[in-house]
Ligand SMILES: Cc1cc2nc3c(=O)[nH]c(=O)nc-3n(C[C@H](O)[C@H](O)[C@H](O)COP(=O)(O)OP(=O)(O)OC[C@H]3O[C@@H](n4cnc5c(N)ncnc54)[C@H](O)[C@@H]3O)c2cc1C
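This document starts with one chain, in the form predicted on its own, laid out as structure tokens.
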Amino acid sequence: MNLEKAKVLDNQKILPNYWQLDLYAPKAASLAQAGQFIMLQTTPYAEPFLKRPMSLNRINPEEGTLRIIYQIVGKGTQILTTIPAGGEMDIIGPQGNGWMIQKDYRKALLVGGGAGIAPLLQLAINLAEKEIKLDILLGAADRDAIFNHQEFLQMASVSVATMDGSRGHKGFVTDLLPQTPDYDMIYTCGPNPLMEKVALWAGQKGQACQVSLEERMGCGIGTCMGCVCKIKSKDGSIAYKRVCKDGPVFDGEEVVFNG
């Protein structure tokens, strides 16, 4: 387990409710893979006590840097916005299991919604480096919650959906799922209803799918059991697995999203 004191290189607002945090954390950057996360201490004080799990948006092992895009959702992330460049914060990680990429992949679909767009960028970079053709679907409430759009466009065909119609298709990003998909793998991250719909659609179309789950975490290292999710075994039985240790990436057919 890697414990590291990371240096803040930059911490700036990029959209009304989203911030971009760049960290110098050479050990973590050398170990990290797309789809993993770090546990980050937002304050040196006792409150809030728990570290926050943060997905990795960009990983640069050569420069020793990590990029995180985070949404302000509570006290911890609000405090995080006040940490200036030059500051330091304790991190644990990288943690968990990231996205799986097989050598024979030729074409992949990425579907992201809201904050779930963030962990898809490094995945897209890795896939593009392997000359895998990409289609990317991005969804959010409005145009002010779509980020990394230009970076994705450099690598893939990108379609956007917003609930208010301020950018791209008006409606759910799942409205853009193709009728006759032909992908080696479908990757998705976002709200559970989005991932559930993508996983169900993929199963109906005979497509392989990976989902990246998000749960509240106490420790982030598999000890507290606070982030368990239901997983279906091949025999139909239900098991509980830890998102932090066994995930956050799972086979879409295995996850029980409801119940």
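As the structure is a prediction and not an experimental result, all values here were calculated from the model. All residue numbers are counted from 1 along the displayed sequence.
The following text describes the form predicted in complex with the ligand, which does not appear among the structures shown.
When you look in the predicted bound form, the only residue of Q71, N97, S159, T81 with a non-hydrogen atom within 4.5 Å of the ligand is Q71. With the partner omitted from this view, the residue of N126, T77, T174, N148 that lies near the ligand in the predicted bound form is T77 [heavy atom within 4.5 Å]. Partner contact region in the predicted bound form: 51-59, out of 25-33, 51-59, 196-204, 228-236, criterion any non-hydrogen atom within 4.5 Å of the ligand.
Under a 4.5 angstroms non-hydrogen atom cutoff, the ligand in the predicted bound form lacks E63 among its neighbouring residues. For L121, no non-hydrogen atom is located within 4.5 Å of the ligand in the predicted bound form, even though that partner is not displayed.
Shown alone here, I132 lies farther than 4.5 Å from the ligand in the predicted bound form, counting heavy atoms only. Residue contact check for M89: none of its heavy atoms lie within 4.5 Å of the ligand in the predicted bound form.
Annotation for 243-257: the only interface residue with the ligand in the predicted bound form is P248 [heavy atom within 4.5 Å].
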